[in-house]
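Only one chain comes next, encoded as structure tokens, the form predicted alone.
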């Protein structure tokens, strides 16, 4: 798209397709993150309606590590091979 011009229909479709792909990726990332950290941190037998301190700490660490690894893998995939 040239500066100052409105996008063509093909460009609009391409932009929409890229946005849709990004949204699908983010939803999948969230679903995997939720399932992974839930299975790791939450007791299988619910005793209380609220999370206890240990579960909260575990979830915080799990989400942080998951996002760090995800970002690192993304960076590694973007760097060209030597």
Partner chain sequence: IEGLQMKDSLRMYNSLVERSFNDCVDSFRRKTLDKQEESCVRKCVEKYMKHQMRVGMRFAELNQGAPTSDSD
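What you see is a predicted model, and the numbers here were worked out from it, not measured in a lab. Numbering follows the first chain given and starts at 1. Rigid core here is just the name for the largest C-alpha set that superposes within 1.5 Å across the two forms.
The form predicted together with its partner chain is left out here; the points below concern that form.
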Q: Check whether residue 24 has any heavy atom within 4.5 Å of a heavy atom of its partner chain in the predicted bound form, and answer yes or no.
A: yes
Q | Close approach of residue 60 to its partner chain in the predicted bound form, 4.5 Å, heavy atom | A | yes
(Q) Taking any heavy atom pair closer than or equal to 4.5 Å as contact, tell me whether residue 10 reaches its partner chain in the predicted bound form. (A) no
Q. Even though its partner chain is not shown here, does residue 15 get within 4.5 Å of it in the predicted bound form, heavy atoms only?
A. no
Q. In the predicted bound form, which residues of 19-55 put a heavy atom within 4.5 Å of its partner chain?
A. 20, 21, 23, 24, 25, 26, 27, 28, 29, 30, 31, 32, 33, 34, 35, 36, 37, 38, 39, 40, 42, 43, 44, 46, 47, 48, 49, 50, 51, 55
(Q) Rigid core aligned, does the Cα position of residue 31 differ by 2 Å or more between this form and the one not shown? (A) no
